[in-house]
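The form predicted alone is given below as one chain in structure tokens.
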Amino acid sequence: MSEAAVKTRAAEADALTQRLDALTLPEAGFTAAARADALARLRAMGLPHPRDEYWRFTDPRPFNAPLPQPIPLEETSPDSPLFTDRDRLVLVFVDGRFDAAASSDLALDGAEIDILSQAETRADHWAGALYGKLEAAGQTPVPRPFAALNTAVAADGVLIRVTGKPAKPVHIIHRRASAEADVSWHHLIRLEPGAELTLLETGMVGARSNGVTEVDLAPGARLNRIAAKRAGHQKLGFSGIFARVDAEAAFKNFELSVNGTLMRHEAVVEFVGDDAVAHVAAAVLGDGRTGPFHHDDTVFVTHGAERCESRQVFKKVLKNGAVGVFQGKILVKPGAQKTDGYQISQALLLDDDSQFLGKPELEIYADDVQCSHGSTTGAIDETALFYLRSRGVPKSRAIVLMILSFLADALAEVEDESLREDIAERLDAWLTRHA
């Protein structure tokens, strides 16, 4: 090994040491073995650097730094919170720690809900067999260091085991109390055979955040997850979702992202049973007017069973130098016949300074499949804009309507019509303010 390579390796090891030294490791109970394993894996793989294949579009160094830059608490949103007008079970986390006083009672027919920090000491807890397992499996073939870091150090999160069909959704709300909070949380969601759940997640999380959600769907289970975690203009955020989907189960995941200096969302989905469905979708709005905006969606879907359907639908609207990234892969294993895999990533650039970087991939080892991918980047259709204006629609409103039309395919992945309307109204309000 050359002297330069030795120095680089030493610098990377030192960066990891500084990152870990800045954290307080939780006292582990049933998660102890998984946390130790994750920490060992992290030390072996190291923190990511710009030379890594799946980080070449996104600079990981702000995530690698020991501490984040503070974000003033007075930064607020002019919008009212999402989904507050519906009956739901509310779980509030403040700087990543559960706030029982602000939350609902945890009792919910058809579901067992616990808090990670409170349940750790229960050696017989069902989560002990799941914590960190899907994250560890998702490290192959692509290493995901920040997910391993999360498994090792996350101090809190929600544990949900669903056995029936709860009458109302579970709503996780994130709030801030410290300007410099470096937040990690880890959720476990287990749906037993035939169970169903709608999971909502909203709010603003810390100056820097690292969140992981592990989803385990038994045969015939159905999970609809809608996340709309607001980011401040200076916010750094990483999130990872790791889903295992068994026979005839359905996983629907939609994320709305607005603002943020540097945001990275990873989704890792694996089919382990036949005739299952998984849809992963996102709508992203980025405006670089008040500072840098960089948003990265990285998705890896593995088809390991027959007759499974996957959809990746990602739409990004970018302006004032904003940058959007999409890296999506569909892997079809030998024997995964009748696979139906679809992937689309599209960006609407509202000026010449913004950019979209896409890397769609297909890797197929079965011969009876239907897989496709597409990626497009474009500007506002001037002909359509002229048509709307000729019908008396003001230019700013016409642009908003065209953007909402562009995002419609991603929003269509939200099955619940009332939830979809709530999100569309929020998008309309944000676009109108930024028109």
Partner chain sequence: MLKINNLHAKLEDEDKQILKGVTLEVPAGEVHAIMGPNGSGKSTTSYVLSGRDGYEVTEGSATLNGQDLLEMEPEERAAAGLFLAFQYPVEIPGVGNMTFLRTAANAQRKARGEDELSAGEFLKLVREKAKTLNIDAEMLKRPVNVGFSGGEKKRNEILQMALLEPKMCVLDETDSGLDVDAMRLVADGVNALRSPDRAFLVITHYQRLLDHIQPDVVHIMADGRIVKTGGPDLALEVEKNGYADILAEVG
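All values reported here derive from a predicted model rather than from experimental measurement. Numbering follows the first chain given and starts at 1.
Just so it is clear, the following notes concern the form predicted together with its partner chain, a form of the same protein that is not shown.
Of the candidate stretches 368-376, 389-397, 26-34, 53-61, only 389-397 has residues whose heavy atoms lie within 4.5 Å of its partner chain in the predicted bound form. A residue is said to contact a partner when one of its heavy atoms sits within 4.5 Å of a partner heavy atom; L401 meets this definition for its partner chain in the predicted bound form. At a distance threshold of 4.5 angstroms between non-hydrogen atoms, A408 is in contact with its partner chain in the predicted bound form. In the predicted bound form, its partner chain sits within 4.5 Å of a heavy atom of A384.
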